[in-house]
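The data below hold one chain only, encoded as structure tokens and taken in the form predicted alone.
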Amino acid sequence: MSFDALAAHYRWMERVLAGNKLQRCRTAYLAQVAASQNVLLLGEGNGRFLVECRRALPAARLTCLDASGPMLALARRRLRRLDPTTAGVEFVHADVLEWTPPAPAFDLIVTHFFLDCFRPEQLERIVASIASAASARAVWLLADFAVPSRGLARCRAQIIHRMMYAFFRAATRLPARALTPPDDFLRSNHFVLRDRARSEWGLLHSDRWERGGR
């Protein structure tokens, strides 16, 4: 899988196809994690959420991982407009399936429009690996696509998903052929869904998961 060829075009493609809807999903719960100190951003892409995360968490340490070098370069460039030093931000060029996370430390994990790229067996491995590097009270934020359970909303989402996966499989060699919800994998790694906001007839959702109970 490689998003290198799309890196230069991703921003305008998102603007034309979705306006600001995806960014609203990304930032839906950002205000609720203001105390986070060590943040892992997976599949961050061109850095739109990274910049907002740095604004909201100016003292936090951020680790930004992406398999695409051009996407990481765009994210670094975008961040430099806000903070020329990019202090406290580490950019990691790696495939999440091959990356070994550090010892448990991250109190905030972010996977926006990323987990939908993987097949079920890959997704299970990724969630378990990243959960092993999460702190005991970590929060996991994710925004992604969904398929409603019934009605016209379901039909609409299925059509959009088929077109979306066909395009990205051709353009990026995307492993997944269809969406696999990560909920069961998160629960099996002791994360609990605290909030979920749906939009666009149920096509999009934003989640806030927390590790452990209370």
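Remember, predicted model here, so these are calculated numbers, not experimental data. Residue numbers here begin at 1 and follow the sequence given.
Just so you know, the form predicted together with a small molecule exists too; it's not on screen, but the next bit is about it.
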(request) Have a look at 51 to 59, 184 to 192, 158 to 166, 66 to 74 and name the one stretch with heavy atoms inside 4.5 Å of the small molecule in the predicted bound form. (result) 66 to 74
(request) Given the small molecule in the predicted bound form, answer whether the residues 121, 147 and 205 all have a heavy atom inside 4.5 Å of it. (result) no
(request) Note which of 89, 131, 79, 96 lies within 4.5 Å of the small molecule in the predicted bound form, where distance is taken over heavy atoms; exactly one does. (result) 96
(message) So, residue 10 and the small molecule: in the predicted bound form, are they within 4.5 Å at any heavy atom pair?
(response) yes
(message) Since only the chain is shown here, I'm wondering whether residue 114 would be in contact with the small molecule in the predicted bound form (any heavy atom pair within 4.5 Å).
(response) yes
(message) When the contact criterion is heavy atoms within 4.5 Å, does residue 209 count as touching the small molecule in the predicted bound form?
(response) no
